[in-house]
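Next up: just one chain, as structure tokens, the form predicted on its own.
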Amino acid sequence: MQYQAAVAWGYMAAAMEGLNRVERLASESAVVVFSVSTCCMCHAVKRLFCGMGVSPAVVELDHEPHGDDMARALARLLGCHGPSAVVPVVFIGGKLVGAMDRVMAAHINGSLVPLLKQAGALWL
């Protein structure tokens, strides 16, 4: 019983640490993309921002020592359950925009540019 409690505590501590890292990194730049270096959708969202003249801060989870903990935290923030990948995840102005579907929807409906301007990532 004590072993199970210790394992559960360790998991919760890692989860909180992952969430704290995500929140800290998301607040450090106007646009932050949580990515995996081999993900084609991650590449597409990074290219979208670069094509708009925005230089996002990119956190490659597969290159981060605590990337798995951050990936689990991002999945929880998005309301996803299970081990499936949830990248890319985008924060603008420290606020969660969401995954690729939300970013593309905002781009198509015209709400992405005002978000980027408000965050100071785009001036035109």
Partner chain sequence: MKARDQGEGDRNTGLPNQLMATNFFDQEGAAYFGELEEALMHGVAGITSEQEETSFCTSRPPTLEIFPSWPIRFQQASKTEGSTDSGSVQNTISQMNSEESPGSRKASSELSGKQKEEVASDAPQTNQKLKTQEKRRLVGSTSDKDGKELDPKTLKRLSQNREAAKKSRLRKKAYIQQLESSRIKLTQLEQDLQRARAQGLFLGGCGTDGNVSSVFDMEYSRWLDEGCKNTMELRQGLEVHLPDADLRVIVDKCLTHYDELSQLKATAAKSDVFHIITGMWATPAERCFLWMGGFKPSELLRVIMPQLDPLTEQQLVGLYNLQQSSQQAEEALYQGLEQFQHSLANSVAGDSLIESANVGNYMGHMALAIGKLANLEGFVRQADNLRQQSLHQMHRILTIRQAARCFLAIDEYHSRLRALSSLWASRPRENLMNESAVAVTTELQIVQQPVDGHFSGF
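Residue numbers count along the first chain shown, from 1. Keep in mind that this is a model prediction, so the values were computed, not measured.
As for the form predicted together with the partner chain, it is not shown, yet the points below apply to it.
Enquirer: Considering the partner chain in the predicted complex, find the one stretch among 47-55, 70-78, 90-98, 26-34 with heavy atoms no farther than 4.5 Å from it.
Expert: Careful reading of the contacts points to 47-55.
Enquirer: So in the predicted complex, does any heavy atom of residue 43 sit within 4.5 Å of the partner chain?
Expert: Judged by the heavy-atom cut-off of 4.5 Å, residue 43 is in contact with the partner chain in the predicted complex.
Enquirer: With a 4.5 Å heavy atom cut-off, would you call residue 19 a contact of the partner chain in the predicted complex?
Expert: Heavy-atom contact with the partner chain at 4.5 Å: absent for residue 19.
Enquirer: Taking the partner chain as it sits in the predicted complex, is residue 104 in contact with it (heavy atom to heavy atom, 4.5 Å or less)?
Expert: Judged by the heavy-atom cut-off of 4.5 Å, residue 104 is in contact with the partner chain in the predicted complex.
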